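Okay, here we've got a single chain as structure tokens, the form predicted alone, with questions on binding and movement later.
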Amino acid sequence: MTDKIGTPDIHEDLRRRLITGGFVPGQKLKPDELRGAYGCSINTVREVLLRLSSAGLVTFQDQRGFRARESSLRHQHELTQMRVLLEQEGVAISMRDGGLEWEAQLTAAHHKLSHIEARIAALGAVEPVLDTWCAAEWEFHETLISACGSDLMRQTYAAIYDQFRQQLVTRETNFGYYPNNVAEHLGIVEAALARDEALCRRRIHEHLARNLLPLDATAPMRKLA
């Protein structure tokens, strides 16, 4: 069978769905059904699912097949810790090495995200603009570290970010949207543009701290994008 759309497009679409609540955690991903949906060969689907498995978004077991990764408080805690470390270090280097172009890109990314978040507040719902919001949220945080000068750091951050968002963005958590995001994003960008490293590090940690596992593992967790 000839693929109707290319393998990279299938991979990107499945990745997007996995990190924006398109699949329930633990949901079985059936290659035959996906083959029909994407109009491609079953081997293409298997190849894409194996790549997504390597990226930590899909699990595979004999007799059980492919599944969207299960939710786990422990895994979310570890991903949050790693994301905080990478984002803090990446923005610290970007503040030292980034020039006017980085400032302009960061300001533009924040403006776009703020506009979309204002739209969410007006609508009272995330789902109508979910894909647009998730893309803008990624653009803002990736731009924060974009002047770090390390492709490896950016690639590692992207992988951790995807797994983090998959854990967070579900219908049950209002897709990870939290109203305080607006003020917290503003605080981060203001500290970054002021080149205040200590303050920026603190605000990044505060922005993500609600996703850290409580010392009492039985306590309820509050979610934050």
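This structure is a prediction, so every number in the text was calculated from the model and none was measured. Whichever C-alpha set is largest while still superposing within 1.5 Å between the two forms counts as the rigid core. Residue numbers here begin at 1 and follow the sequence given.
If you look for the form predicted together with the DNA, you will not find it shown, but the lines that follow are about it.
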property: Partner-contacting position among A68, L52, C40, V189 - heavy atom within 4.5 Å of the DNA in the predicted complex; result: C40
property: Segment that reaches the DNA in the predicted complex - one of 192-200, 159-167, 178-186, 40-48, heavy atoms within 4.5 Å; result: 40-48
property: Non-hydrogen atom contact G56 with the DNA in the predicted complex at 4.5 angstroms; result: no
property: Core superposition between this form and the one not shown, C-alpha change of L50 at least 2 Å; result: yes
property: Residue shift check between this form and the one not shown, rigid core fit, V189 Cα at least 2 Å; result: no
property: T156 C-alpha moves between this form and the one not shown by 2 Å or more, core aligned; result: no
